[in-house]
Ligand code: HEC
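One chain is shown next in structure tokens, namely the form predicted alone.
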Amino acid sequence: MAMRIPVALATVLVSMVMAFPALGQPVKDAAPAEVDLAARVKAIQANPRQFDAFYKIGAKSAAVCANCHGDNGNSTNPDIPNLAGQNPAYLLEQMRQFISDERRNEFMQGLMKALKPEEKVSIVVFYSRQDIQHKPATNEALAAKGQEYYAKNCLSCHGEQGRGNEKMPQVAGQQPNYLSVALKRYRSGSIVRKDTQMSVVTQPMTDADIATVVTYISAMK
């Protein structure tokens, strides 16, 4: 004689079966929710207690970065950029570009893909509060020409003091060789680094123009 299951219980059993995948089928992981890292940084900056906590974590997390970018983000290699004092939103955007392969550097691409969101946030918080070590211009005459060029072509985006904003990087005190290579890559449309706005700005630049503006920018305080 067949056993009759109450309608209410049958409904519950059906719901349970539908809620789980069939036996033998792999369970798919839920897609991780995207984290708005820029908003996270802003929230941390507005909370002194959180900021101190993330700053301390960032000081430890940034130890791996110091091998190339120097202690406290002041690079000792003219070909490698300073990170000290850099705008948080800009740093986060560069991290995103390395991950999406929009910006090419094999080591950096691998490192950024390995970092967890909270690690990225802590590193950005740490570097944003470091002081850049400024160096005087090696050629005053060239720097003066560079200042004129900067005022006409760069100031509107990077600011009078070269500190940029949320979307534009701080360029003041940046490593000269790094600046020169970056500008030439923008000008040539290199796949290593692309930026439509910078490509337009650098198209008319001669090597002499680049040399003068780099001399000025790298010595800006």
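Start at 1 and count along the sequence shown; that's the residue number. Just so it is clear, the model here is predicted, and its values are computed rather than measured.
What comes next is about the form predicted in complex with heme C (HEC), which is not displayed.
The three marked residues, F98, I123 and M205, each reach heme C (HEC) in the model of the complex, with a heavy atom inside 4.5 Å.
When heme C (HEC) is considered in the model of the complex, Q45 lies well away from it, no heavy atom lying within 4.5 Å. The closest non-hydrogen atom of V41 lies beyond 4.5 Å of heme C (HEC) in the model of the complex. Put simply, N105 is close to heme C (HEC) in the model of the complex: some heavy atom of it is within 4.5 Å. Interface membership of P169, defined by any non-hydrogen atom within 4.5 Å of heme C (HEC) in the model of the complex, is confirmed. Along 141 to 167, a non-hydrogen atom within 4.5 Å of heme C (HEC) in the model of the complex is carried by Y149, N153, C154, S156, C157, H158, in order along the sequence.
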